[in-house]
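In structure tokens, the next block holds one chain alone, the form predicted alone.
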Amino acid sequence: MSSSEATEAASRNRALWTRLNAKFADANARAQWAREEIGWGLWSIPESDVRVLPELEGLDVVELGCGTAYVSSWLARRGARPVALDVTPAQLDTARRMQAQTGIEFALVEADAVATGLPDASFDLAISEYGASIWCDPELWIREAARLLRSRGTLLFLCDSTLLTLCGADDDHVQERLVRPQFGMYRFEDAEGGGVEFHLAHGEWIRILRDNGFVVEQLIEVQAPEDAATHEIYDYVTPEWGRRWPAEEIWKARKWS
């Protein structure tokens, strides 16, 4: 993707998330910031079950595509030093309000995750939960994450599973059959003027990670728990589907170069 295409995608996603922040993200921020347990994805799988995070005390962390920055708030409470970055001013305004209400403070930066402007080798951990991991071109944001991380730093990101993307219908409800081709999947656009998402097959994720000096340490294909309920907002996949097939996946990679 060219720099102009990346800028165009960021502009569209900024407009989309300005609307979505007003619609639900701002209203849900208080509950997300108040969570005692770190939870992953649609069904808030507890970190105590996933066990993918490193020891956080004293780590410099960058969250790429933070939204309302609830992930960074969880990490800050556990002794990390986060910098939370997002391209949408409205989302960062919500994060600032939550900081004022909770007293949890960390840096908030308005920037695109593909070109953050932050210094080289400044972080021990780069993390994205449905941020840059689906809203930015992987060729660009993975390269930027590699630049930001110190040697042996960790990259963690959660995104839609490849299988979920292949089973997603035009009405966004996931089917029990393949409805999209895997070969050629990359950029997905909302035909009605919405955002731009990026979804890859596993082989392409591994290629991009390796090209940028990462070695994959874990790929966790997330299963919905027995007591999961359909998400009140992201209802495109049911817990029944998610118990049979992975709707989400968590990638953990180490920078070796």
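Numbers for residues come from their place in the sequence shown, where the first is 1. Quantities reported herein were computed from a predicted structural model and do not represent experimental measurements.
The protein also exists as the form predicted in complex with a small molecule; that form is not presented, and the subsequent description refers to it.
Q. Just one of Ala113, Cys159, Ile127, Leu149 has a heavy atom within 4.5 Å of the small molecule in the predicted bound form. Which one?
A. For this set of options, the contacting one is Ala113.
Q: Indicate whether the small molecule has at least one heavy atom within 4.5 Å of a heavy atom of Val87 in the predicted bound form.
A: Yes - in the predicted bound form, heavy atoms of Val87 and the small molecule come within 4.5 Å of each other.
Q: Answer yes if any heavy atom of Ala10 is within 4.5 Å of a heavy atom of the small molecule in the predicted bound form; otherwise answer no.
A: Answer yes; at least one heavy atom of Ala10 falls within 4.5 Å of the small molecule in the predicted bound form.
Q: Look up in the predicted bound form whether Cys66 has a non-hydrogen atom within 4.5 angstroms of the small molecule, and give yes or no.
A: It does: once the small molecule is placed as it appears in the predicted bound form, Cys66 has a heavy atom within 4.5 Å of it.
Q) in the predicted bound form, does Gly131 have a heavy atom within 4.5 Å of the small molecule? A) Within the cut-off, so yes.
Q: Using a 4.5 Å heavy atom cut-off, indicate which stretch of 45-53, 221-229, 208-216, 58-66 touches the small molecule in the predicted bound form.
A: Residues of 58-66 come within 4.5 Å of the partner.
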